[in-house]
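Taking the form predicted on its own, here's one chain by itself in structure tokens.
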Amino acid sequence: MSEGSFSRVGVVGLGTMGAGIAEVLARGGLAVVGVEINQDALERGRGHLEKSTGRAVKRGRLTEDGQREILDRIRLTTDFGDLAECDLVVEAVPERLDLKHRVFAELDKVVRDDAILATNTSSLSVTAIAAATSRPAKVVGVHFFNPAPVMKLVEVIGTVLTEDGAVDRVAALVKGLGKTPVVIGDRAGFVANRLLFGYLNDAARMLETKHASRDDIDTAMTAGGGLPMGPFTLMDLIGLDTCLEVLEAIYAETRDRRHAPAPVLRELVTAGLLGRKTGRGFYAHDAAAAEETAQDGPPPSVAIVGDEALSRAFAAAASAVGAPTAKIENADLIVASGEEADVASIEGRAKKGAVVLSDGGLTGGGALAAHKPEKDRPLVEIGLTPVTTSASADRAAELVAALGLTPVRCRARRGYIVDALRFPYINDAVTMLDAGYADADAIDAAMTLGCGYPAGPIAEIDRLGIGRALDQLEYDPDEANSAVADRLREQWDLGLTFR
């Protein structure tokens, strides 16, 4: 074996993830030895491989000859002894430390002394796994994302015990397979899951405290946050039991309340409602999809007060759908922003049944408030105070939708939905950067390539502004909130950006 290369690689565990890793390695031209606990599990693994490559053939991404070549490179066995000549062995069994310990103890008996042992854990300590071997210096973490043949990101993790060069060799292999490796330190959840699951857990708490509904939270984060799916749709896809396991692993290390699993998540898991795989989680997946109700009738008349971004956005939306403008006294919908938004006076002049939206939030006596829509994402967050009636909320949402905008409702509290979820996540990323176990490029790559975010959190902080982040995180220079990343304060005080 040459110093920087691997020619034969073993994969232990051929579930969906392990089979995917074996396929990726074989696609890269490597000889692969796939090991399972018994013949039944081995046949299931064979089925995963044939189904995945067969799907690629049907989609025209692989020829039948190419499929056969890939499958022929993978030798399937139930004998750990067949791993003896492997240069690298990747363990891909379920996320249980005791099970991984048993696998590594077996690998110790049969694998060459100079071989590298890798664990495909998504949240467990690589150091704790390495402790089960007589060769901890040869152990690295190599976290592929599901589905492995499709996802580009691979987190490569070294420990304080890993020998020089081992991580670099594995990262080079990953890059040669057409993936993007990010090299990071050994922390529970690594980069992607540590950041992602803090956000998902916050969303679960937001639902639990009735800050907003499940559907409104999901809609806000796709329409306003630009994410490919909302947090509850994503948790159901991942599996709520997996979500709970990852959060528990991270919380066990950090004792940070952001990773203490929300009670609603634990209750759903206890009830066996695990998401898509059981047909029900936060959503009922066996139910027919609800049809969107079309907006009938003419658009509402609109009065615009002030010249702030919120008012301008609504004026543009009203113009786009041909909504007539009107005086305050005659308008169906009144949008007021800035210093001219004397909500109490406006409400006194408005006709009966009119809805007043203001960016004043809890000030100025406004019963409703709206966030300005993000550019190219026509989301309006309607903030409800304790005196807002459900009829008023429904009417506000109806009028906003009639302007071609996307309404969501929540309590009129700092950050509404989008900012309340994304800024703590961004703060976590800055804290991670400041700790030094991942750089800005690795953090942003983890979230874009591993989680499908349109931009990474470090890039986002520059786009959104550090001042806006500090305001959302309740930063007070004279009474610093310990939860706010020190690096955020420092960059703000020095007038610096992150990029």
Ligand SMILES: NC(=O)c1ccc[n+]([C@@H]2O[C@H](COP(=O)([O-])OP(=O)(O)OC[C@H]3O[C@@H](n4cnc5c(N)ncnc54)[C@H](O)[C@@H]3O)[C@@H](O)[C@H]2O)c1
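Remember, it's a predicted structure, so these values are computed and weren't measured experimentally. Each residue number is its position in the shown sequence, starting from 1.
Beyond what is shown, the protein has a form predicted together with the ligand; the following relates to that form.
Only one of 113 to 121, 388 to 396, 209 to 217, 227 to 235 lies within 4.5 Å of the ligand in the model of the complex by heavy atoms, and it is 113 to 121. When you look in the model of the complex, the only residue of Phe144, Phe197, Phe282, Tyr425 with a non-hydrogen atom within 4.5 Å of the ligand is Phe144. Scanning Asp108, Glu95, Glu85, Glu248 against the ligand in the model of the complex with a 4.5 Å heavy atom cut-off leaves one residue, Glu95. Among residues of the shown chain, Leu14 is one whose heavy atoms approach the ligand to within 4.5 Å in the model of the complex.
Under a 4.5 angstroms non-hydrogen atom cutoff, the ligand in the model of the complex has Glu36 among its neighbouring residues. Taking the partner from the other structure, the ligand in the model of the complex has no heavy atom within 4.5 Å of any heavy atom of Lys138. Of the heavy atoms in Lys100, some are within 4.5 Å of the ligand in the model of the complex. Residues from 67 to 91 that approach the ligand in the model of the complex with a non-hydrogen atom within 4.5 Å are limited to Phe80.
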